[in-house]
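Take a look at this single chain, the form predicted on its own, given in structure tokens.
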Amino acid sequence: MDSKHHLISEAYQRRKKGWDKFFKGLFWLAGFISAIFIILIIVFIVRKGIGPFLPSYPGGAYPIGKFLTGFQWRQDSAIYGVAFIVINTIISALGALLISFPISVLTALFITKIAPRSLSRIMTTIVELLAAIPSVVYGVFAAGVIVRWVDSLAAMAGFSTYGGNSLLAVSILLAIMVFPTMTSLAIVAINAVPRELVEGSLALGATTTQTNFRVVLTSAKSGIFAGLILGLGRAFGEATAVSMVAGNSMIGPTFNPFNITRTLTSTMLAGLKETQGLDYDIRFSVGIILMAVILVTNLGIHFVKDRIGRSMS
């Protein structure tokens, strides 16, 4: 009888190990496929994007120095300078984060630690619905509402705008769009903080507010910064909605919030009407610059997160 139970146990263990190996292989396969797609996209954009700067390009190579350091973008005159567009993109994205990031973190803290359970469920559902709204809907809202707010604000401040299309309108739009992403991840991160840490802080005499800000948010900083990175990626990568309120200025950079601006993604989108030639191919060159900007900013956010972690430890 014991030997029979032993055989059944061994068979069960072998079956468990077999399933473990199967799912481990499945996860490896999924990760490998994802990596392959990322590599293929990068290779395609890089191959297409470096073409305009090669001597073999039809019509001659476009000067790469002029492209990287130029402060003018005029497709009618075949002038393509991307330096000011990079600056505009960073300014608009950082402006959006300055507006949205503190609101997202405080909203997540309110939903998880302060609001009654019924209100918390309602607000969580609202945040999830905001994340599901298509970008073009946000763009229509911005073109119909946000630009009017900005135009009225500019008039009160003694400035004029191009119908409200401006850097400020882009930043407000992006702030609204990245809010649900950052809030959702912050909620998950805060909920993952061990209850023992909270109870220990309260037992040592800290107030609830002190515990929420010094213990809960500090412990959840990895998830909060992950939301910041994803939010920044969406801010950098949004094209359709931004194109509806940016104005696509031909020179820059733009520092006045009431002036029109141009971002890397809106520049790429504006050239999709072409199918070949320099004006089309150089949009892929802008894509290379966009990937580099996202990479550098993500590394910068990780550096800041590590510095904050060391200063709080």
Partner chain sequence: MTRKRRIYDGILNALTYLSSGIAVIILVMVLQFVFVRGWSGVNFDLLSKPYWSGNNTIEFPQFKTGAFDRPDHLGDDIAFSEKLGIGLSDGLDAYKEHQVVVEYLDPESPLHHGVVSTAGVDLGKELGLSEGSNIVNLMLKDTDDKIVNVGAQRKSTAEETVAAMDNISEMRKIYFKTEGGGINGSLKATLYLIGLSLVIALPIGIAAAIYLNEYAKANRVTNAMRSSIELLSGVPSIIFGLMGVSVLFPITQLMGIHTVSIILGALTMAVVLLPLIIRQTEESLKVVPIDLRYASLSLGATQTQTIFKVILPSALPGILTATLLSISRIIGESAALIYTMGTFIADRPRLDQGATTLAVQIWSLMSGEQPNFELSSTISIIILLIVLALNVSVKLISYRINKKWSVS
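Residue numbers count along the first chain shown, from 1. This one's a predicted model, so the numbers in the text were calculated from it and none came from an experiment.
Keep in mind that the form predicted in complex with the partner chain is not shown, yet the notes after this line are about it.
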Selected contact from Gly237, Gly81, Gly163, Gly223, since only one has a non-hydrogen atom within 4.5 angstroms of the partner chain in the predicted complex: Gly237
Of Pro257, Gly247, Gly287, Pro52, the one that lies within 4.5 Å of the partner chain in the predicted complex (heavy atoms): Gly287
Heavy atom contact within 4.5 Å of the partner chain in the predicted complex, the stretch among 89-97, 184-192, 103-111, 154-162: 103-111
Any non-hydrogen atom of Gly31 within 4.5 angstroms of the partner chain in the predicted complex: yes
The partner chain contact at Phe71 in the predicted complex, heavy atom, 4.5 Å: no
Touches the partner chain in the predicted complex: Phe303 (any heavy atom, 4.5 Å): no
The partner chain contact in the predicted complex: Tyr280, any heavy atom under 4.5 Å: yes
Any residue of 111-145 that, in the predicted complex, places a heavy atom within 4.5 Å of the partner chain: Ile114, Pro116, Leu119, Met123, Ile126, Glu128, Leu129, Leu130, Ala132, Ile133, Pro134, Ser135, Val136, Val137, Tyr138, Val140, Phe141, Ala143, Gly144, Val145
